[in-house]
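This document opens with one chain alone, in structure tokens, the form predicted on its own.
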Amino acid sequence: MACAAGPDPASDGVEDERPRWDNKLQYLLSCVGFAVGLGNIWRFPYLCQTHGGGAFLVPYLVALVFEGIPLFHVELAIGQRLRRGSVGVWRAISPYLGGVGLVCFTVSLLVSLYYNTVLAWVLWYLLNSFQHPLPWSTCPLDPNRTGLVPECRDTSTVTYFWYRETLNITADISDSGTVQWRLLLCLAASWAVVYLCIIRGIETTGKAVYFTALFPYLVLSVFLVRALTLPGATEGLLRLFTPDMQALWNPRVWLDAATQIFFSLSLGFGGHIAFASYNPPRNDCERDAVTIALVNSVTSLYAAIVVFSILGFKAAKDHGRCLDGNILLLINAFDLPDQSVSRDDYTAVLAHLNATQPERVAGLHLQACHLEDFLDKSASGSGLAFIVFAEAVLHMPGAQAWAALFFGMLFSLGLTSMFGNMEGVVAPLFDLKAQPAWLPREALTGLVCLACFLLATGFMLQSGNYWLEIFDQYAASLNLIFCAFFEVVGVAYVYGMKRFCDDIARMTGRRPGLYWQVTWKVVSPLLLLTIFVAFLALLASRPPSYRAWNPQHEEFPSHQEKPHPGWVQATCMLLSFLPSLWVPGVALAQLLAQWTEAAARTDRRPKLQGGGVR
């Protein structure tokens, strides 16, 4: 539906009251920092490795061109044109779409709760990085000080430090355990840092991003230079980029590529709409959308090179230790001279012994030492940061410095993403006029951060990691896709394509071409609808379950797959669908309000009686 161009946004007084970025660089860094987050470091490399290596870049680029960039342009353009936050924008387009902004607000709030919890974990590791030796490098003594703690002795030191020293995790989600006070203090510190950075909106975040957005690139570059000089880096990079084109026939690869682009660009949260609303009306939002989206994707690729260089080094170390263990067994079993078997000739010696004395070799139960197997043990999410990478830095000279750089980088990445998440929470409150006249912005922002901190304390229980994974898996996925679908449909068919194109021409000096209009009207809505249906099918195909830490398992340590209890499954479903109900709920409330108003007008009309007016 095409509509006539609306009035200039300055005509309603919004522009005069709206703050402005100090300069264009602040805006670009804020958007890049919001888009580039922890997922670029610990999710994208994992997807490349598990979905055909370099072949994964094909669906990733297709999703970027036909889904990511068009939707990103919509958010930047509509925010800049209407100069409001997510709630204000969609209420201005149509009262029936007011629920779209409330979905953005709700999801940003839920994501902020658990995202800053991850930052609390990162801060805990960062603080411990200054100890010598690193606390996850050795096992503690048992209470009697007669030996090492069995849990740590029977597993790796990094795994023990993560699951026992840091999380002190329970074996079941139903067992909440107690509050971990050290983590709670880290959580309070993380929220305090976030508050100080967003206390005056873009006036303070615009200055903080000079460090928080640029520091991770400096650290990644330092890590890259170091990683490329480490043994095994080449094997790690080959593992990452060797294409397996057969993987492209797997529909899950395309689904993961589409969702990675969606979440990596932070679409649907409302933060980009709010950031763009602080731009001058004649800013080139089209160029910004393409530039920021490309920077985000290049950063993912850059981070993947660094991560897999380090993982290749770790795999080479693990492979070497495996060979050394087997060599020692052979030397002892066959009375070979010490140091007579090297890693290079291990394969030949083993083949000779297998040919001459196969029974004795079989009785040794040698480990299968294949470098590819160790390369396959990559991880994503918290496992990559707090276990795999934490172990990798132990083998690097100056481990404390590398650990501090790595976790400092993660904290900066997460902090900048939190700026966008919180802008998606705070800006709608101003749109809804939720700030009393006597309450300054600084106090309202402080109350929001305090409320978020109190709500997030549940993640500080011993079962908190299980709940964080639930929020990560269910709180955002379907709701954001649902929200983005109504965003692009609302702009293309409610606000009107002609009106939207006229607005962009007024802002940038040129009308959007055929590519933009086709993707906005047809391609992007169909892609989002397909992803939404695929997610629903995936959700219906497997009941919610979780990997529970099981220290009593005979093969310690072990993760046991457990089904969620019924009440937890109900919580998962509420997180998956409840925020989206804002859209039909607000539309229905608006429709009922209009019916009520129309009925009231009908009742107030003069009634005719006997041919005259009564």
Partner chain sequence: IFQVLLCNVTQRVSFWFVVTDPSKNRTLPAAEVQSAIRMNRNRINNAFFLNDQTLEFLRIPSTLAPPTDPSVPIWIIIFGVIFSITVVATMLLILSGIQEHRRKNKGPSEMEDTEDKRENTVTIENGIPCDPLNMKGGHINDAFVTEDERLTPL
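Keep in mind that what you see is a predicted model, and the values were worked out from it rather than measured. Residue numbers count along the first chain shown, from 1.
Another form exists, predicted in complex with its partner chain; not displayed. Remarks below refer to it.
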Note to self: Please tell me whether any heavy atom belonging to residue 124 falls inside 4.5 Å of a heavy atom of its partner chain, as the geometry stands in the predicted complex.
What the structure shows: yes
Check: Would residue 204 sit within 4.5 Å of its partner chain in the predicted complex, counting heavy atoms only?
Finding: yes
Next item on the list: Find out whether any non-hydrogen atom of residue 249 is located within 4.5 angstroms of its partner chain in the predicted complex, and reply yes or no.
Entry: no
Notebook entry, point to check: Though only this chain appears here, would residue 182 touch its partner chain in the predicted complex if you measure heavy atom gaps against 4.5 Å?
Noted result: yes
Check: If we take heavy atoms and a 4.5 Å cut-off, which stretch out of 185 to 193, 106 to 114, 288 to 296, 305 to 313 is in contact with its partner chain in the predicted complex?
Finding: 185 to 193
Notebook entry, point to check: Looking at 137, 465, 128, 212, which is the one with a non-hydrogen atom within 4.5 Å of its partner chain in the predicted complex?
Noted result: 128
Notebook entry, point to check: Which of 242, 229, 144, 339 has a heavy atom within 4.5 Å of its partner chain in the predicted complex?
Noted result: 144
